[in-house]
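Below sits a lone chain in structure tokens, taken as the form predicted on its own.
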Amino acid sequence: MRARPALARTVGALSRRAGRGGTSLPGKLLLRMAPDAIGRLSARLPQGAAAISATNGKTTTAAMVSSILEPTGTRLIYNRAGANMAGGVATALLDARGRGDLGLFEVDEFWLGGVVDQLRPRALLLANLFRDQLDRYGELETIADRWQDVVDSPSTAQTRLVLNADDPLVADLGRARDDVLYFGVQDTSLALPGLQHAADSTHCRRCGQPYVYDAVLLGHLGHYHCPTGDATRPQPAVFADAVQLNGVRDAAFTLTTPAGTRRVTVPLPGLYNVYNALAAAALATALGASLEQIAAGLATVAPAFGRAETVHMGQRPMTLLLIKNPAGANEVLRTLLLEEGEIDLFAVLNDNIADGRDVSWVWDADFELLAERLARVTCSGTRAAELAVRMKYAGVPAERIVVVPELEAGLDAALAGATGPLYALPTYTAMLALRDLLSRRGVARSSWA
């Protein structure tokens, strides 16, 4: 076993020198040589491990947990770059060389079972399930069934479950467990008029009846109950009240945990980041963090790369807001509505494997919300033309739509045409490519740093 990690580390070092990141390759190689490497390496961690999975927000939530725990002196082993399949988890453990106290791993929703079987985490956070990359993963019920197998597995018999009370599909996973820590948003002042047309998971898993919603907060997240009495939203022990959203700058809310209540301002925008903060607070609570440590960590968290990160292109600020499915895109659009004046967008739509080949989801994203407010939208990426068509059908005047498929030329065109702050809305691989471009221009750190 000793020679195998050394060989894998050498491969990773060579990959990084070649500019290829090296965030998964060493772990993939190690797992080929030693399929049980995650279990063997994680067993050496004095404080065990915690795992995070979700369709949206894994990387940001993990960054928030890190911001809470690391100032306490906890040495985290953590897949910071977001490589969240088995190879990425193995690489993080490999690179740490045993110098860590606690493992903190975001895990791709489809890879969760295999990783958890080896990791046997102290705590497992399942934050949300939204329709995402259907060509790769299938319908949400497929993922939910796999997650149910994880929850019911002997590997998690001693694991503290942390579940989103406001996501009916996720909350239902804990129905047979007594040790679940639920989180959610109590404040309904930001409720939507009703379910959006792109809403997911609106039917009870037990009887098939449509849920009755008393408040819809984000996609299909909210306060709900089954009319037959089969299921109802659990009462969360960690929750947010008095939520205040301040455009792309920050969000404030009153945080309640079993230890008490604190007012918190998170320097990240949108209700979706309030949910991420609650998820992080709940997981940190399950790991033994105090309310004071949680509040302090959330107040100082830095954005994960590409997620509400702002860089300065000369005198012009540009904020990167990752979009990759209808629910996440709609929350970004709702957040931009809080900004004043006309808005300049740089939208980049890719259809690479990591994005999902099927980009029809853009027709379920409510770009109509911003159509009248857009001064200009520059469309780039491998599916730039289709994105431009979507903008046209959303009601954006044709003269305000510019199509420049190549990323660097598109960025330059967007900057040249902007009159105020520029908001970049890239899909996943577009975000990575954009960050690398910004790094080469010296305005952002490398995505792999």
Partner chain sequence: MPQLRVCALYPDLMNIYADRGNLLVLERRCAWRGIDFRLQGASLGEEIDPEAHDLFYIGGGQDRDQELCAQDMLETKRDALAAAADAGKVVFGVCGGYQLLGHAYELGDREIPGLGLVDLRTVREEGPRLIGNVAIEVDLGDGVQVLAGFENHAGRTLLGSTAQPLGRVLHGHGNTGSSGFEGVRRDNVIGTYLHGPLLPKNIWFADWLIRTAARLGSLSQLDDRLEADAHVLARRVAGM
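Numbering follows the first chain given and starts at 1. Predicted model only: the values in this text are computed from it and were never measured.
Just so you know, the form predicted in complex with its partner chain exists too; it's not on screen, but the next bit is about it.
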Within 4.5 Å of its partner chain in the predicted bound form, all of D250, R334 and R373 (non-hydrogen atom): no
Stretch in contact, per heavy atom within 4.5 angstroms of its partner chain in the predicted bound form, of 360-368, 112-120, 180-188, 150-158: 360-368
Contact residue in the predicted bound form, chosen from L29, A413, A384, L407 - any heavy atom within 4.5 Å of its partner chain: A384
Position in contact with its partner chain when the complex is considered in the predicted bound form, options A63, A388, A37, L45, heavy atoms within 4.5 Å: A388
Its partner chain contact in the predicted bound form: E141, any heavy atom under 4.5 Å: yes
Distance check, D241 to its partner chain in the predicted bound form, heavy atom within 4.5 Å: no
4.5 Å heavy atom contact, G229 and its partner chain in the predicted bound form: no
Contact test in the predicted bound form: R131 vs its partner chain, heavy atoms, 4.5 Å: yes
